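This document opens with one chain alone, in structure tokens, the form predicted alone.
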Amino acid sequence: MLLLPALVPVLVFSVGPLVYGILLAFTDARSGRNAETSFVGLENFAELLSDGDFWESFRIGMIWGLSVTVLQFLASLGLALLLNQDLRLRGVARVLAVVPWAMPPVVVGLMWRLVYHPDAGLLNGLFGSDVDWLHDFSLALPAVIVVGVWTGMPQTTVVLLAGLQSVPRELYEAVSVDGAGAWRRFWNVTLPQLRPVVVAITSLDFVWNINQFSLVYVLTQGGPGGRTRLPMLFAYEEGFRYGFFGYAATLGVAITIVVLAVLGLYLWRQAREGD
């Protein structure tokens, strides 16, 4: 009863839309005045399986999600190890490391559009080039991945830093007595102690990254030629540009199932290795 006031908003704003979206996936709902909606069963899912645009979007989304998650973790781990040292102005450095996380995705997207600008961009100014990073068919996706890593790195760094600070100092002292160097201390003590934290934060990062929308939409709107059209962008176009709400809901349900399957496999393997 005490939790009920907190549970009501969750039910209204999270569970309610989720259930409605699942139900919508089994209809032919579309935009338009006086448009009739009827139950179509699994027709939307059958159409989805034969939709080449969806599979291309799914492929791009998996490349994006896995690349950003892995690079984000590696960069964050290095930064967390650095911030865990007794450095001068360590507190200021920790605050500055969180700044990208505090910025709204739209602001981050606009800022990086200026960085990537072909004529007046900071990146081309540094390299003395005139590359159109966000409109080049081969460079657009890597450029967007870099922004994704930069944006999500602070939150992962904070979590990993908290994990590092919870490692007992006695373990480092014990292996140091045995003559272990910095690499052996990291490999035999730090990584095993961080394992639960790593599994948790990489799982969350993958879910957040695969569902990314606003950042990529501001940067490229899915272009050029669909090279950065993530699954959520594809669902947005189907629903709000073309008005196929039922089909867009089907895309959302399908992506949710795939993400849960990949995440479940990953957690299962981690659990087996831990045992």
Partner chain sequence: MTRALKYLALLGYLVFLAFPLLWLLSTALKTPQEMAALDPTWIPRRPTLANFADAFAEQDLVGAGLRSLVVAVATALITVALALPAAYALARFRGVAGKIAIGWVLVSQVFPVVLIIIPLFMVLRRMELVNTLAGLTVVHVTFVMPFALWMLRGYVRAVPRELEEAAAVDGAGRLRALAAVVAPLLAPGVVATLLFSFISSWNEFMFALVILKDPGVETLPLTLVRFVGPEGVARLGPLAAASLLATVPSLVFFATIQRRLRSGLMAGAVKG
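Treat the numbers as computed from the prediction; the structure is a model and nothing was measured. Basically, rigid core = biggest C-alpha set you can superpose within 1.5 Å across the two forms. Numbering follows the first chain given and starts at 1.
If you look for the form predicted together with its partner chain, you will not find it shown, but the lines that follow are about it.
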| item | value |
| --- | --- |
| Interface residue in the predicted bound form among V131, V167, V175, V146, criterion: non-hydrogen atom within 4.5 angstroms of its partner chain | V146 |
| Its partner chain in the predicted bound form reached by all of L89, V106 and V253, non-hydrogen atom within 4.5 Å | yes |
| Options 222-230, 49-57, 237-245, 62-70; stretch whose heavy atom lies within 4.5 Å of its partner chain in the predicted bound form | 237-245 |
| Its partner chain contact in the predicted bound form: F26, any heavy atom under 4.5 Å | no |
| Any non-hydrogen atom of L96 within 4.5 angstroms of its partner chain in the predicted bound form | yes |
| G264 within 4.5 Å of its partner chain in the predicted bound form, heavy atoms | no |
| In the predicted bound form, V218 touching its partner chain (heavy atom, 4.5 Å) | yes |
| Residues of 140-171 having any heavy atom within 4.5 Å of its partner chain in the predicted bound form, listed in sequence order | V146, W150, M153, V158, A162 |
| L260: Cα shift of 2 Å or greater between the shown form and the other one (core-aligned) | no |
| Core-aligned CA displacement of V12 at least 2 Å between the shown form and the other one | yes |
